[in-house]
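Shown below, as structure tokens, is a lone chain in the form predicted alone; questions about how it binds or moves come after it.
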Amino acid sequence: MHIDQLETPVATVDLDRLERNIARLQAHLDRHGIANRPHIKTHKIPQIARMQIEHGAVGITCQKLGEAEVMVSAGIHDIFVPYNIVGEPKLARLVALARRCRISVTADDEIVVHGLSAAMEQAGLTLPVLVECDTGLERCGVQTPAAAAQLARLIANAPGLHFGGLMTYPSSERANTFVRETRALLAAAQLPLERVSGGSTHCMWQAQDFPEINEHRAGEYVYGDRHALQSGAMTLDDLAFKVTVTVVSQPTENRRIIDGGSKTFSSDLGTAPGHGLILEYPEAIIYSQSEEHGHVDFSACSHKPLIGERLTVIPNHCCTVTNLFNQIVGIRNEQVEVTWPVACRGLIQ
């Protein structure tokens, strides 16, 4: 089937570009001796995760237990969940996963550590736990190297737990300094720092510039999006993920309505205006969205599309858009080669 025969809105991935993106980053990290642990929250598809493993990734990163459960069932057995796991139901699911695969998690508070320890000690298991460090994102994470070292000592002494290292996001010079200071404190306590997990797509080509970080977690790199384009991490020729939509209304001279709205493109914005880049009309702006309608301003374009014309959109953020589709269509040379269910889509935490 030709891509033009697909009903819109439809999310597609160019398989040649996808494969090239996976191989290129793996080769770059291999050259610099950095472990690759890609984040599957971007694609949520076991088949793509297996491709990443086959190219040399040491394992994968999942943001939710539900993602990890799907990936383990698909045969992937080294998983990092960099998230505080809290509450008995989730701890029970974590124990079940720990019986089936090599899994590690993070913690940034002693309350989280105590919960993990109690669950693992009762199950007779040992769980690697990394300390999450806030090095500028202002999300989760301990705030100082002293706090990181203190929590690391608690983990190392907790029944059922193993101190697995440090985790931060993204990689930065501030992260380097934070880790360096924490490493010195841990050395005084004779605690080795075996793994420091960091990274992102936007700094992937600079991974070697952060010598304190020996594991890289990038997600968007497999697909690419407008964010990656704006940051300079990827070029237009690298972008594998696109959403095809159709013009369904032309109510004014300059306004067109497309059949993709907030339930297609999410609400994520970037530094460039609008909710995505229309490749055929790069000056156009998707300035507003209803649930199933995209409102597009074509006033800056010398030529305007008519009803029925198909448009190709690069989303601002591919990760949130993937989660809105039940399936992704793999394209090679304009022909449909494969259709992948988004197996981890919408799963409970």
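What you see is a predicted model; the values in this text were computed from it and never measured. We number the residues from 1 along the sequence you see.
The form predicted in complex with a further copy of the same chain is left out here; the points below concern that form.
Hey, with a further copy of the same chain in the model of the complex, do Asp30, Thr177 and Arg180 all fall inside the 4.5 Å heavy atom range? Result no, not one residue of the spot touches a further copy of the same chain.
Segment that reaches a further copy of the same chain in the model of the complex - one of 22 to 30, 276 to 284, 48 to 56, 303 to 311, heavy atoms within 4.5 Å: Result for this chain: 303 to 311.
Would Ala233 count as touching a further copy of the same chain in the model of the complex under a 4.5 Å heavy atom rule? Taking the distances in the model of the complex, the answer for Ala233 is no, it never comes within 4.5 Å of a further copy of the same chain.
Any chance Ser172 has a heavy atom within 4.5 Å of a further copy of the same chain in the model of the complex? Ser172 lies outside the contact set for a further copy of the same chain.
Val70: heavy atom within 4.5 Å of a further copy of the same chain in the model of the complex? Because no heavy atom of Val70 falls inside 4.5 Å of a further copy of the same chain in the model of the complex, the answer is no.
Is Ser200 close to a further copy of the same chain in the model of the complex, meaning a heavy atom pair under 4.5 Å apart or at it? Looking in the model of the complex, residue contacts with a further copy of the same chain do not include Ser200, since no heavy atom lies within 4.5 Å.
Looking at Gln150, Gln143, Thr126, Asn157, which is the one with a non-hydrogen atom within 4.5 Å of a further copy of the same chain in the model of the complex? Only one listed residue qualifies here, and that residue is Gln143.
Heavy atom within 4.5 Å of a further copy of the same chain in the model of the complex: which residues of 107 to 121 meet that condition, in order? Counting only heavy atoms within 4.5 Å of a further copy of the same chain in the model of the complex, the contacting residues of 107 to 121 are Asp108, Asp109, Ile111, Val112.
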